[in-house]
Structure formats: C-alpha cells, structure tokens
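Starting off, we have a lone chain in the form predicted on its own, written out as structure tokens.
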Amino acid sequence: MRAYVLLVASIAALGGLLFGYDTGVISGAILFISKQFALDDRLQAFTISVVLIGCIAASAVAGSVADRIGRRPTLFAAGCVFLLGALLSAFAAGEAALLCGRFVVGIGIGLSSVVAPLYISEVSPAPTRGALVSLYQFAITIGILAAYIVDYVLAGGGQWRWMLGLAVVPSLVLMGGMVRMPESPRYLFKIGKRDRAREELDRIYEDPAASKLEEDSIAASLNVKRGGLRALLSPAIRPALVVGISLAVLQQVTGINSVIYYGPRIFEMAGVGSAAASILAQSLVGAVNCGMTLVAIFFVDRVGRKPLLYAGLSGMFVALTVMAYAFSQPHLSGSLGTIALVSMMAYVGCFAFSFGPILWLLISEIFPLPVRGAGMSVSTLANWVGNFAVSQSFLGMVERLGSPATFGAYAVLCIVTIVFVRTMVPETKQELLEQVRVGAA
C-alpha cells in the first residue's frame, strides 16, 4: 500500500468520522435534550431520526452531484454542510431549531456516505481496495467512539450543546484536506480529461504495466451505454441493483443502529443506574466497534468479503439470541446489565469486522463506472430508509413486543442475511473494479 494512496483515502474517510460522530453523539445528548425540552418518547425518537431524513434526501442526489461536479468537490461541500449543521445544533434556542440543525447534519452525512467510499474505491489499487475502503468504516467507528467519550466527559454538566458543537473540528479538517486532494482518475476519464487521469493512475501505481492495465479496463467500461438511473434497471445491471439495495436494507434491519442510537436507553432497561454509567457502558461498546473494524482492514483483501460476512453474521445471531434470552428471564435481573454489556460488545464487534465495512465496500465495487454514482446513491438511500425505519420503530417494538421479541427478530434477520449472501453476493477480492460481475454466486 503506497503512502500517497493511504493519505488520500484517509482524508476522504474523515467524512466517515463525521458520519460516526454525528450519529453517535445524539445517544448521550438526547438524555439531556429530552429533559431541557420536555420531550416524550415520540419526540425523542424524532429528534434522533430527523438526521436520517436529511440523509435520505442527500443520498438520493449525491451520486448525481458527484457525477456532475466531481467526487472531490462533493466531499468538500459535505464538509461545509457538516460545519453548518454543527453550529446550528449547538446554538439551537429550542426544539424546532435543533431539529433544523440535525436535518442539515443529515444532509452532510448523506453526501459523505455515498461519495467517500465511492471516491476511495476509485483511487485504490485492486489488491488493497478492500482495506482502503474499510478505512471509511473504521473512521465511522472512531467518530462513534469519540462521540461516546465526549458524551461521557460532558455528561456531568449535561452540556449537550458542546457535545453537538464539537463536530466543527473534524468538519474544518475535512474541508481543508479535500482542497489538496486529487480528483478520482476514473471520474477524470469519464469526463474526457485523459492526461490528468493517467497522471493520477501513475501516482497510484508504481508499476507502469499495472497502471496501463487499469487504464484499459476503465476505457472498456466507458463503452457501456450511459443512462443514469434508467440504466440501473437494464438486465445487465439489475442484479447489482438488487444486491446493493438488499444488502443496504439488511444491514439496518439486523439492528445495529438500535444499539448505536439507543445504547444508553438499553442499558437503563437492563438496570444500569445513572445516565453517566449508561454512557460509559456505551463507550466500551464503541471501543470494541473501533478495534474490531481493524480485523476487516487486515483480512478483507486476504480471506475475502464473503467469509468475513459469514463469520460476523453468525456471531451477531448468537449475541442477539443471548440478549433476547437474558431479557426474558426475571431471575437474571441482578446480572442483566453485565449480560447486556457483554452481548452488545460481542454483537457490535462481529458487525464491525463484517457487515459494517463490507456493505460500503461491496456497493462501491459492484456497479459499472457509467452508473456507479447512481447505483451507490440508490443503495445508500435504501440504507438510510432502513435506518430511519429501525430508529423510529425500536422503542415502539420494545413497548409492544417486549425486549426479548425485538432482539429475537433481529437475530432471525441475521440468518436471512446469511442465506442472501450465500446465494446472491459475488466475491470481489482482488478484482479490478471494471471486472466485477454480479450474478448467482
């Protein structure tokens, strides 16, 4: 892995850090926001999930924007939006203003969640593409962990405005970094700037022969007829669209963001006493999330995408089953907090080395270049719609069905996902982007 490529991927991955921070920080901040603004469960859920409405809106158009103005300017714009959203949230005078700020933050997340993995995949050599795109998920986990630590440090004074406002710092770093970053060589080929594209390929590869092979592969892919969103429904591309949308939804309905958004609330249900203790327990979960993502970075290009998915989803199933059982047994009430913490750490750890990074990697790989932006937009849009549905339904499911049935349903969906991966998802390890084909696998 060349230092230059690692630097470019790391700067772009800052969009993931902001993604993680802004989605994770609300889990602690909401404990104090709900008290200050007297929010019931419905308004708490909407305060958490309004950011997802911005994500849905932005992800629907992010691919088109990236295809029109370029990957690099779109990521710079995302940094600007993150900055504005953080300031609006921190200085919100009331619930309505706070909702507005969180919606703007969602727009930034929606833009970066499409364009950052897209950009990284297009500047990465095939042998290390899995690790480099996984840096995006690693940055998300760092952002989530940083959010939990900030929440814990500021919980004593209930300083939720500082919790939300500190996102200003990585926003400025992302903006400054993207000013100096190159444009994706694939985008440059796409818009006809071949000389600049060749220069960038030469900077990515040390071997001229590898650079030429990549150039020929990109040129061949550009002969495919363009058609934007309409082309996604063509028989040749439809299987990739089905895989992208299905994986994006399954990543959410297996329950990960119930833990990210409502972790402190789950710990309170398990008997953990104070808000600070719940946030500290959530921070331990965040540390596992961050550390286990390194497993994906080290192994995704060695063992492949599908073996990691099988292992991670199996572990998620076991952890969720244990949680469902523990919450169903009254005699475990004294140790329920410990069981919930261990189970959540195992669940998040298994997600972190599998479904977390590999979703973003696969949807950046499976679409041909002429429709890659549109394909990633649609897949990411499906992910955010699933995220919104889970965040809105979790508290209601717990109230109506109970905690055991809720966690049990997530466990069953892990099995459904394993079957889908086995039958539909291709192995893309070590392949040039333009050589990836989706069909029965």
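Start at 1 and count along the sequence shown; that's the residue number. Computed from a predicted structure; not experimentally measured.
Missing here is the form predicted in complex with a small molecule; even so, the following discussion is about that form.
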* Give a yes or no on whether each residue among Gln137, Trp360 and Asn387 has a heavy atom within 4.5 Å of the small molecule in the predicted complex. => yes
* To do: Go through 238-246, 173-181, 350-358, 82-90 and give me the stretch that gets within 4.5 Å of the small molecule in the predicted complex, heavy atoms only.
  => 350-358
* Asked: Can Ile260 be called a contact residue for the small molecule in the predicted complex at 4.5 Å between heavy atoms?
  -> yes
* Within a 4.5 Å heavy atom cut-off, is Ser391 in contact with the small molecule in the predicted complex? -> no
* Asked: Does Phe19 make contact with the small molecule in the predicted complex, using a 4.5 Å heavy atom cut-off?
  -> yes
* Asked: Is there a heavy atom of Ser364 no more than 4.5 Å from a heavy atom of the small molecule in the predicted complex?
  -> no
* Within 4.5 Å of the small molecule in the predicted complex, heavy atoms considered, which of Ser121, Thr254, Thr141, Ser278? -> Thr141
* To do: Name the single residue among Ser49, Asn383, Ser27, Thr406 that comes within 4.5 Å of the small molecule in the predicted complex, judging by heavy atoms.
  => Asn383
